[in-house]
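First, one chain by itself: the form predicted on its own, in structure tokens.
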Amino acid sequence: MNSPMDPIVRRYAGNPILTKADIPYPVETVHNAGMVKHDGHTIMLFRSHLRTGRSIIGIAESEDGYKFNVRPEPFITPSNDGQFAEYEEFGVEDPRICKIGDDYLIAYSAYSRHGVRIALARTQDFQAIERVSLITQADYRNVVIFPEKIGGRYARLDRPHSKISPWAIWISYSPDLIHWGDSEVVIKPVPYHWDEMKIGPGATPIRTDQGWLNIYHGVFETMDGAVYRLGVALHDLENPAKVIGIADEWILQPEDPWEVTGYVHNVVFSCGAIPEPDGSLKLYWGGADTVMCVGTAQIDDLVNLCLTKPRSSQ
């Protein structure tokens, strides 16, 4: 348990853990990585900008979750075939990884002249990859799939765009990973709060005894531009549309130089976190859309923040 004066997320002293200098092919950034454990190794699927301004997804592996080796070729690049080619024309971004059964499901943003949609792919070994379907219309971002079926169906958190009720977190369900519905809004931004401008799900939800832990990002508009921070919410295990508590305080904000200044200033943005057997959590985030960073937290501390310091409204 951390003391009131300790940060709830402890930054790794060796940050940033991955930069463009570590990539064996030309890129300008390394950020917003999906994370998962596979065969005892930590897998990182990271987004990189090319000098065209468009994005691809690379892959790196680690024995300890801190020091990563990058493969010599990107893992996902825009498709050249059929429907995926049309909707990935402008790039692929921000993957999230979810393991269900023998499959690792990868939800990523597909950009094109038609807007942004979410594409779903799967792999069993992080060697071969199969594109499954485009699972949203435009404009959607930030889809995270729960790592087990709930009530016999797949479930996901997502973030559609809307000018009426801007950038809230919704939940949807599917019998087959292709057709999604029964959607409802579950968390909305709070006026004059650290996440008042927009929110979106970040890491794949983590099962705890008290509920599903949802690490999300929130954005606050300042006179110097937007600030991206991370927060936590707790959802009911059997009915994740029911939110048990949303922490009133953020858990991480831009502070280090590579988070404050970069491709996009003042950003910490997570697409992945890995729970460890000892009750700790490795939380990964992109700093200023430029580099990858990691920190650790106690899962119980994050859960307790939702339960003991919840925000009063949403």
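We number the residues from 1 along the sequence you see. Model, not experiment: these values are computed from the prediction.
Keep in mind that the form predicted in complex with a small molecule is missing from the display, and what follows is about it.
- Within this chain, residue 289 lines the site of the small molecule in the predicted bound form, having a heavy atom no more than 4.5 Å away.
- Although the partner is absent from this view, residue 228 contacts the small molecule in the predicted bound form, with a non-hydrogen atom inside 4.5 angstroms.
- For the chain shown alone, residue 70 is not a contact residue for the small molecule in the predicted bound form, no non-hydrogen atom being within 4.5 angstroms.
- Interface membership of residue 269, defined by any non-hydrogen atom within 4.5 Å of the small molecule in the predicted bound form, is confirmed.
- The putative spot formed by 156, 235 and 274 is not touched by the small molecule in the predicted bound form; no residue has a non-hydrogen atom within 4.5 angstroms of it.
- Annotated contact segment (heavy atom within 4.5 Å of the small molecule in the predicted bound form): 261-269, selected among 274-282, 59-67, 261-269, 33-41.
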